[in-house]
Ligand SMILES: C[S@@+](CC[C@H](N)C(=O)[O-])C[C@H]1O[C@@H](n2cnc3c(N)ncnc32)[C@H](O)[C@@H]1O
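What follows is a single chain, given as structure tokens, in the form predicted on its own.
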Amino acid sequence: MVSSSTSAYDWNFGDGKEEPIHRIHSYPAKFPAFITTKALQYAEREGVNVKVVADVFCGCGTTAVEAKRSGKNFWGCDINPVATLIARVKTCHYRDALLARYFGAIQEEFHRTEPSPESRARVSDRIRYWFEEQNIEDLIRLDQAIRRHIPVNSPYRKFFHCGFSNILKPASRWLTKSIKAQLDPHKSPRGVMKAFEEQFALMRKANRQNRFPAPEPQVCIRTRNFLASQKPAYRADLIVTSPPYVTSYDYADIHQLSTLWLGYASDYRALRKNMLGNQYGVKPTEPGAIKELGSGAWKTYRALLREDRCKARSVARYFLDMDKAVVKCGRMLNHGGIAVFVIGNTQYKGVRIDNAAHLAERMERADFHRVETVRRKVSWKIMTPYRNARGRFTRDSTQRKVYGEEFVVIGRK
């Protein structure tokens, strides 16, 4: 039986302030950096000699940074190229003098050149929807300057493109602080170079404070679908990961500005097709496989069918994908290793989706031992426990409730 842990081990709060490097780029649903530190302490308390940490849904690299800072080698992957760009930048230390030199060259190039006709022609209608003409011109000039002065494969180009990515929403008509793609007709977009100068100052300061032990542990971050390959890409002693929450965020939609400007896809919607829990390509026979995943998954699927068939297919795919992910994580762990999943439960049109219980059940069936589920408070959501129609957090109790808790599900191989 899977039971909630009554252990005194506390997953709720960290011991110190989060490092500035974790704030260089906005990213939805980041879990706190201290979770990785807690997981390392927990694993070592349990007698695991942790040499390699992995995160199979690594997002913007929170686990990667904390693992490297703790002197552990790291392997991680994410299907979202914007996420892996941020993660690679956060886990790299840059020479301050070279950053300043590149920035000066970019500024000079920005002010003395005009966008080429070819660059203007490549701007899609989707980009024009979000940006005013002057900011489109300035973003083209800034991107041109970065590409002309920094070599293609240089980590410094990634640094400046990460900064470029984070100013796109402030420089656009995207509704501020919204997790949904919504136009704000009353917004005054920020000037491109002013926003970029402030972003560079933030990233430069964070880089100065971002120190790693010597010799630096190895970090490998891949842009790939973890579920796509049959064999584990790496062997790890500890997995710390937070899978996307079904029905909560559409990362392809949220990061569409960066995806389009940086050329990761000509149509950002193409990235949805392989994301965890997508509703595309669900075969007619697959709902039958839901029954094999357990009664909870089957009841949830049937209840959602009565409300929204597309959402039911999405949840069906999510449960099936999570089953594959758990099995692959088991194969990836060295004998005696530990997997720590951070996951939340969700709700759609009154149907409760118990992701944590489903995950714990699948871990037991995949031969994880001593599986336990620990309830963890999400303090910032307790202060603003609802979202309005625009996706903003609010205290208005008439709006959609956002859970003030999530779960840490732990299993051993």
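A quick note: this is a predicted structure, and the numbers were derived from the prediction, not measured. Numbers for residues come from their place in the sequence shown, where the first is 1.
What comes next is about the form predicted together with the ligand, which is not displayed.
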Q. Taking heavy atoms and a 4.5 Å cut-off, does residue 57 contact the ligand in the predicted complex?
A. yes
Q: Would you check, heavy atoms only and a 4.5 Å threshold, whether residue 337 touches the ligand in the predicted complex?
A: no
**Q.** 4.5 Å heavy atom contact, residue 256 and the ligand in the predicted complex
**A.** no
Q.
Using a 4.5 angstroms cut-off on non-hydrogen atoms, would residue 368 count as touching the ligand in the predicted complex?
A. no
Q: Just one of 30-38, 369-377, 356-364, 43-51 has residues with a heavy atom within 4.5 Å of the ligand in the predicted complex, so point it out.
A: 30-38
**Q.** Proximity to the ligand in the predicted complex, single hit among 158, 224, 302, 194 (heavy atom within 4.5 Å)
**A.** 224
Q. Which of these residues, 79, 312, 333, 219, gets a heavy atom within 4.5 Å of the ligand in the predicted complex?
A. 79
